[in-house]
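Shown next as structure tokens: one chain only, the form predicted alone.
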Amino acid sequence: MGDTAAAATAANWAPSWTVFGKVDGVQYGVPVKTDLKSLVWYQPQRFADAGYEVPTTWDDLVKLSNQMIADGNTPWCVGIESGQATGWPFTDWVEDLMLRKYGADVYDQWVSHEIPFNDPRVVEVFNMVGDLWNTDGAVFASGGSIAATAFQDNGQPLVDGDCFMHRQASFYAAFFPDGTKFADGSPEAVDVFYFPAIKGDKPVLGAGTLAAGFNDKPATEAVLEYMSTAAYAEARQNAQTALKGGGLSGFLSAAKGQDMSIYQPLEKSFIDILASADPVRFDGSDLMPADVGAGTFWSEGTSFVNGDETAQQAADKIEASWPAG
């Protein structure tokens, strides 16, 4: 794209969100939609009734999970089944914890294969997820096992009281039962809290879409420039909210200067998290070669979750599948 659209993108988006569309210092893509992955869905009233507080650190989250088990409650709803893409929710957990435990530089090195996939730090993070999920009484899986439970089938058991927490991205609002109330103060309302950090920073794992031009016509440049703006984000939010009949839109944007009145309270909380995030990193498996990120990371991760392989064995197989060159 040309200088005008690139300048608009730089003006309207924080550098942490424009870097995904930049190659060798040149901006090729305009971010137009943002997905926030570092979220935990819960019901505030159920927490309050049970005497639980929202955790602000990873250690607090683990302690809360263990306390819930001790109280006879199930902390987590987890499912990673997704047809041919089975395993991707596990990769999101791993990516979030890699970013939290080892920081952005190591995360980038892992994603770009500057360090091998079976680096001891990656194996450790696999085991952090496995230890949390495999603690007796920690997980409700409606399909009978984590790998047999569809990722979209965790909203119903959360509102039914079968678990207290579900870690999933902002788009997950669309998978709760019809009529679910979100962040409106009612006793049954569903809300989110930020997936806690480990090192005292505020890392966010994100995803999203970018627009790019395939010619240098002035009209193409003008469209790209517009798509970088708050005006575009507001127009799209209004349109998608209308399509949803006034419900949560499923759209999110980190563009600067938006009119927050067009967002519902829960959506505003998403944007608050985006605005304060540092660092931000894009979904690692989406950036890895397809053979890995949409292949062995999913399949070997599922084998690990099933107990068919150790974390080391799974990581070794993923590393062996990394394309040469």
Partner chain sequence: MKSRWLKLLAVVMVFSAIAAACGSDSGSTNTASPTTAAPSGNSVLAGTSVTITGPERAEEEAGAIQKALDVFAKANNMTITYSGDVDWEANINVQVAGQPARHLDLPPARQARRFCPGR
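As the structure is a prediction and not an experimental result, all values here were calculated from the model. Residue numbers count along the first chain shown, from 1.
What follows is about the form predicted together with the partner chain, which we do not show.
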Margin query: I'd like to know if L287 sits close to the partner chain in the predicted bound form, meaning any non-hydrogen atom pair within 4.5 angstroms.
Written below: yes
Next item on the list: Examine S321 and determine whether its closest non-hydrogen atom to the partner chain in the predicted bound form is within 4.5 angstroms.
Entry: no
Check: F176: heavy atom within 4.5 Å of the partner chain in the predicted bound form?
Finding: no
Margin query: If we define contact as a non-hydrogen atom of the residue within 4.5 angstroms of the partner, is V32 a contact of the partner chain in the predicted bound form?
Written below: yes
Next item on the list: Given that the partner is absent here, state which listed stretch (256-264, 296-304, 48-56, 271-279) has heavy atoms within 4.5 Å of the partner chain in the predicted bound form.
Entry: 256-264
Next item on the list: Answer with one of K199, R121, K244, H113: the residue that has a non-hydrogen atom within 4.5 Å of the partner chain in the predicted bound form.
Entry: K244
Check: Which pick from F151, Y232, F193, Y107 sits with a heavy atom within 4.5 Å of the partner chain in the predicted bound form?
Finding: Y232
Note to self: Each of N127, L132 and I146 within 4.5 Å of the partner chain in the predicted bound form, by any heavy atom, yes or no?
What the structure shows: no
Checklist line | Interface residues of 1-31 toward the partner chain, as seen in the predicted bound form [heavy atoms, 4.5 Å] | finding: M1, G2, D3, T4, A6, A7, A10, A11, N12, F20, G21, K22, V23, D24, G25, V26, Q27, Y28
